[in-house]
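Next up is one chain by itself, shown in structure tokens, the form predicted on its own.
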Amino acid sequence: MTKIKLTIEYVGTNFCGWQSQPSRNSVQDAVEQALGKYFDCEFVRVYAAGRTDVGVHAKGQVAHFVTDKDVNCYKLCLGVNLALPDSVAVTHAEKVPDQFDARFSAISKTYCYRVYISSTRRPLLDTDHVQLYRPLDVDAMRKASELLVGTHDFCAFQKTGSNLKGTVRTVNSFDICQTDDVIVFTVNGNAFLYNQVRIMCGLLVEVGKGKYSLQDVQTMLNGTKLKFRTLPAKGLTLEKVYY
């Protein structure tokens, strides 16, 4: 048996997320079906580094599968991509040791959230950016993001109804970069709660608007939820998984 590690890129707009669901269109379903066609078998199960939600994109999603077939990784990428929709591609494949696990071997993940500032819609950006209409105070957002770095109880930074018991997570870094009218939030952490990145970025946007202060960010870290909009999924991309 051979274990293969895949790096997968996808536009999540028309998918119900990564994870396979009954009667729904998931990225996992698309990848498993394409692998089945490539190997001429009924089913190939893939295991990913983590789920991405409805509408979230990925540049560096990682998954693994096991096969008893002889695999040429270069030909695998080419062949599987022929069977995938245009919005999904396997960008790299490699043979890995048996002990490798796409989920449990991961040590951290980097996500990017992208927004653009414009009074008019920008079609070329709209796929993976979210439109905001007024300039933001980027310096204030950077100062606020520093408070989010470290190990904290992020219970106030998850979507209501999450069934996760533990809410302590570690954010290793949180960078904010502006180029012309585009702002990119880049966050790396060991793991994230449901909607945590989108909620953190949403709070920082409110700081950038002047609605909330550094003290309000600390209030959230202390466990008290504040009222603001969770940013849309389409601005979020899983950039890279580290092992």
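These numbers were taken from a predicted model, which means no experiment stands behind them. The first residue of the sequence shown is number 1, and the count goes up from there.
Below, we refer to the form predicted together with another copy of the chain, which is not included among the displayed structures.
Although the partner is absent here, Y74 is a contact residue: one of its heavy atoms lies within 4.5 angstroms of another copy of the chain in the model of the complex. In the model of the complex, none of the heavy atoms of S105 sits within 4.5 Å of a heavy atom of another copy of the chain. Another copy of the chain is not shown here, and in the model of the complex it never comes within 4.5 Å of any heavy atom of R198.
Proximity of T160 to another copy of the chain in the model of the complex falls outside the 4.5 Å heavy atom cutoff.
This chain lacks the partner; the member of C112, L84, C155, M141 within 4.5 angstroms of another copy of the chain in the model of the complex by a non-hydrogen atom is L84.
Heavy atoms within 4.5 Å of another copy of the chain in the model of the complex map, among the stretches 94-102, 146-154, 124-132, 167-175, onto 124-132 alone. Contacts between 50-81 and another copy of the chain, taken as any heavy atom within 4.5 Å in the model of the complex, involve H57, A58, K59, Y74, C77, L78, N81.
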